[in-house]
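A single chain, nothing else alongside it, follows as structure tokens in the form predicted alone.
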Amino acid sequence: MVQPETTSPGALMAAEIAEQPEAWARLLADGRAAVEDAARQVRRRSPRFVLLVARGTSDHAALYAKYLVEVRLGLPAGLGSPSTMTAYGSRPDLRDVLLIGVSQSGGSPDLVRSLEVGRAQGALTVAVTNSPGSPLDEVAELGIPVLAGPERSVAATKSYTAELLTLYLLVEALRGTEAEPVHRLPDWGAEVLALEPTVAGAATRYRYAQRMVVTGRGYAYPTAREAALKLMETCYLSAHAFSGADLLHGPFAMIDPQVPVLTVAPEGVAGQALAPVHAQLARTGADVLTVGSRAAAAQATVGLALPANIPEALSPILEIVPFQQLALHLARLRGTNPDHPRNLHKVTETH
């Protein structure tokens, strides 16, 4: 592959967004063996609880996995706080727990320490990372590479969706079934990438926005959180992510026609659950950009319709892509470089 010209702002991010269907195809072709091997070993341990630890973008992938585990495996799941085992030095009883660390770099000391402590306290530990051989991968009993390939832009894109797909495949392997046509993801991805001209127009519309609200329900809520993070880190604007259920409480007071609202409303339960939010937004005259089903997109100020009949559990892998494109184009219009946001580095070491 020809490397992009790195002097052009956002060239790396643009290339990595475009590479995502290829990365998914590679993972589907070459990553199954590692997933299946990990699933066999997990099944032998029969965990009764799943705990996930992650930071930043990977924390949103972990939240997606939490929904998958609770809905599809019928097991309770939670997002761990690494600081309880690092800063506070706690040693919880983790027998019968599956502890999954999710990290693009596998280098954050607090995640490494969390898996190290978790393993000593009886958990079965799994590292899901784009960096085989990283400290996180080394300390875990089982490692699953996401095979996204090198990611050079500080703003993570393809590593995030590869994490989502890896976690989806792991849960499906643990179920012993594969209900959705996951092999169609690369083709669907190409269709979603083709929405870029509309996304670029939306970026022009929101060029001078200072605040945004992003919302979704269910499987789409992690997408809302990741979209808000992308806008904050690349465009330096204040983007607030809320579950649609929470937005209708106190946070809705901040909504007015000058605050764009980005909604994630795919086909299925998540989109249906967001209907009351869309109704309330319409009553307030809010400027709404929606990524989701054709019906939901048709009601928005700016609508970005996903391909029809995408299974809801797979939709987060696709629905984040237009938000990545929006962050890229908006950053360029605002004169920032999303490949190298100020004050940020590719690997953030937290303790």
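The first residue of the sequence shown is number 1, and the count goes up from there. Note that this is a predicted model, so its numbers are computed, not measured.
Not pictured, yet referred to below: the form predicted together with a further copy of the same chain.
Here the chain stands by itself, but in the predicted complex one stretch of 166-174, 245-253, 188-196, 127-135, 245-253, has heavy atoms within 4.5 Å of a further copy of the same chain. In the predicted complex, residue 108 approaches a further copy of the same chain with a heavy atom inside 4.5 Å. When contacts are judged by a 4.5 Å heavy atom cut-off, residue 44 does not count as touching a further copy of the same chain in the predicted complex.
In the predicted complex, a further copy of the same chain sits within 4.5 Å of a heavy atom belonging to residue 96. Residue 207 falls outside the set of residues with a heavy atom inside 4.5 Å of a further copy of the same chain in the predicted complex. With the partner removed from view, the residue among 144, 261, 229, 202 that has a non-hydrogen atom within 4.5 Å of a further copy of the same chain in the predicted complex turns out to be 229. Using a 4.5 Å cut-off to a further copy of the same chain in the predicted complex, each of 70, 83 and 239 places a heavy atom inside that distance.
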